[in-house]
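The chain below stands alone, shown as structure tokens; this is the form predicted alone.
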Amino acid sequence: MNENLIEKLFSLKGRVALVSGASRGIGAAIATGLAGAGATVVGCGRSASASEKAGFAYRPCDVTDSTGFRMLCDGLIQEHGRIDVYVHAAGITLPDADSSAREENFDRTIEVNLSAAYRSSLAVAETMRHQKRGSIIHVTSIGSVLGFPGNPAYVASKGGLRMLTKALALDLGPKGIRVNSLAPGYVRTAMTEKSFQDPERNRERAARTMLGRWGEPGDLVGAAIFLASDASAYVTGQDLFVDGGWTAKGL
């Protein structure tokens, strides 16, 4: 296989990508990576600005606001004429530390991590179906297939998102739209910084992997480019785990 063919397979030149949860962490890293592969990238998030943005435009938008998100999509269509890639990286975690707020935290987590993913994916798919092609990527977690203590809302939302990915892949496949999930293990972000800074928790989590280390946001970029590009043209309904071997490890 020559270099020109490899470049063509993974290139995102001429494509427009929308990345939610792009103000920081994994979302920002993926947005930057897609831009580096040649895509025109717009990132969105609840923050007024992106703290780690590089090479992509940023628009404040809460994905739980369906009207606002659709307006964002309409704006991209008016400006660029298309949306080829959507990455749902928006997500929250609200552990059960406060028993008085458990039900509220559960509902909020499901809303952001699962319900908003469903609505935003359908909004983007409306555009993609006219193009008869597109790639939707849901950022899930190793928590989508494994139980973790003290955070049932997060596990339930990511498990639901994993199966939503498969259901949408089936429904949208005839329209040329591929839907896959990208499942990170423990990655050092603002969301996990407290555990990372705890020496015991840091060692425990690193030891659960085959590679003996935590992930970095940049570790997700190559996998995201693969799922967004023609290199994965016959891949849909799949879960790509980027977890250092966590979910595959036995003893």
Ligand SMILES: NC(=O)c1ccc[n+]([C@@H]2O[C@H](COP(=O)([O-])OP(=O)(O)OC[C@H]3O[C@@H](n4cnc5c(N)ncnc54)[C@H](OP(=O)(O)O)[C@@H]3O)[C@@H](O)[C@H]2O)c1
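All of these numbers come straight from a predicted model, not from anything done at the bench. Counting begins at 1, following the sequence as shown.
Form predicted in complex with this ligand: not shown, discussed below.
S.K.: Taking this ligand in the model of the complex, would Leu12, Ile137 and Ile177 all count as contacting it (heavy atom within 4.5 Å)?
M.R.: None of them does, since no heavy atom lies within 4.5 Å of the partner.
S.K.: What is the one choice in Val187, Ile225, Val42, Ala35 with a heavy atom within 4.5 Å of this ligand in the model of the complex?
M.R.: Checking each option against this ligand in the model of the complex, the one that comes within 4.5 Å is Val187.
S.K.: Want to guess which of 117-125, 83-91, 163-171, 70-78 is within 4.5 Å of this ligand in the model of the complex, heavy atoms only?
M.R.: Heavy atoms within 4.5 Å of this ligand in the model of the complex occur in 83-91.
S.K.: Answer with yes or no whether Phe56 is in contact with this ligand in the model of the complex, where contact means some heavy atom within 4.5 Å.
M.R.: Judged by the heavy-atom cut-off of 4.5 Å, Phe56 is well away from this ligand in the model of the complex.
S.K.: Taking heavy atoms only, is Cys61 within 4.5 angstroms of this ligand in the model of the complex?
M.R.: Yes, Cys61 sits close enough to this ligand in the model of the complex that at least one of its heavy atoms falls within 4.5 Å.
S.K.: Check whether Ser181 has any heavy atom within 4.5 Å of a heavy atom of this ligand in the model of the complex, and answer yes or no.
M.R.: Outside the cut-off, so no.
S.K.: Mark Arg208 yes when one of its heavy atoms lies within 4.5 Å of a heavy atom of this ligand in the model of the complex, and no otherwise.
M.R.: Arg208: no, not in contact with this ligand in the model of the complex.
S.K.: Only counting heavy atoms and a 4.5 Å limit, does any residue of 145-172 reach this ligand in the model of the complex, and if so which ones?
M.R.: Result: Tyr154, Lys158.
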